[in-house]
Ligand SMILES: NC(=O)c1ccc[n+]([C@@H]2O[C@H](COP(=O)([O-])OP(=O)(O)OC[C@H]3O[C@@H](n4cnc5c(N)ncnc54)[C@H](O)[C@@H]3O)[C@@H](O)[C@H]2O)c1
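Shown next as structure tokens: one chain only, the form predicted on its own.
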């Protein structure tokens, strides 16, 4: 699309490579140009002929002014469309701790490269909402709070390549991601495909991480999740204080939020049981000590301790107690979560919207996420907050875990 006025407009030549058609990236690129009042002329386009061969797009952009072109390029960069420029990425030093240069590049969760010393370098520790620091010929994402004086930070948009994740082309276990979030998906089908994902992840040497809310306990999901941990299908558990409290309450007193897990009836004076559970852990000296002393003999955290599976309980303003292991410093909790997410290949988010969104923001886009919740809005929010690889399974969390445990360890 061009006009005689293009000669007067600001122009740029950009390129994109990847599975542009079946991932609908190309149409998003065209739509973005029109949305920002620009025009485009496709100079070259080649279609990948196999599942592994990428397509290639090269086009000339024009915009009425430099400001509109800058905004357009910022948007296109997130779609994997970068300016054709042989130069290195521009760098600027941080003048003081936690203070980035004004024009710093803010990362996405997609695979990113920067050009340094005439070479394209993969950015390590990829995550969204970070900066890129170049040092010693390498580049890595760094959070703003971790920035230090003298760090060389990528600024502007030159010398940067972003490669969005394509839709799954293997058409195997994760193919159901193409169906989006629906309460009409057959639960057994989603469970079977999730079980296949768990096996594939473990076979590839990656970790299966569970992000769980207290609803896991309330819905009867604690025993099957404990079995999955015991049988070696879970390699880390990330949650908050509430999961730990109610898991231990159920194990010690047979209630969850004061409701008997055996028959769903209100326990007399059951409202105090979660405080009794916290008190018992403090008397034991901690969760591990409660297990080792025989005070705690079942449950999710019991199996974590027995199997050596790490768990992180992140605190919040509303916590009762909290349990002695709960990390109440938010920066420390973020760091602890991030450490357990290293080498993750699959994350199962079970009934915890805030923790699921937080974990999604820490992950690169190639780590698969299955978000299970009775509320379809939870999976939608996780996806809308930038974690586009999340698949929503709308069902009861306890039912899902029971079926999953049977599918993986009959």
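Bear in mind that the values here come from a model prediction, so they are computed numbers and not experimental data. Numbering follows the first chain given and starts at 1.
Below, we turn to the form predicted in complex with this ligand, even though it does not appear here.
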{"query": "is_contact(residue 360, this ligand) in the model of the complex, heavy atom dist at most 4.5 Å", "finding": "no"}
{"query": "is_contact(residue 395, this ligand) in the model of the complex, heavy atom dist at most 4.5 Å", "finding": "yes"}
{"query": "Partner proximity in the model of the complex: residue 320 to this ligand, non-hydrogen atom cutoff 4.5 Å", "finding": "yes"}
{"query": "This ligand contact at residue 333 in the model of the complex, heavy atom, 4.5 Å", "finding": "no"}
{"query": "Interface segment, criterion being heavy atoms within 4.5 Å of this ligand in the model of the complex, picked from 295-303, 94-102, 258-266, 236-244", "finding": "236-244"}
{"query": "Listed residue (113, 316, 289, 106) with a non-hydrogen atom within 4.5 angstroms of this ligand in the model of the complex", "finding": "316"}
{"query": "Answer option from 367, 57, 378, 341, heavy atom within 4.5 Å of this ligand in the model of the complex", "finding": "378"}
{"query": "Members of 338-362 lying within 4.5 angstroms of this ligand, judged by heavy atom, in the model of the complex", "finding": "351, 352, 353, 354, 355"}
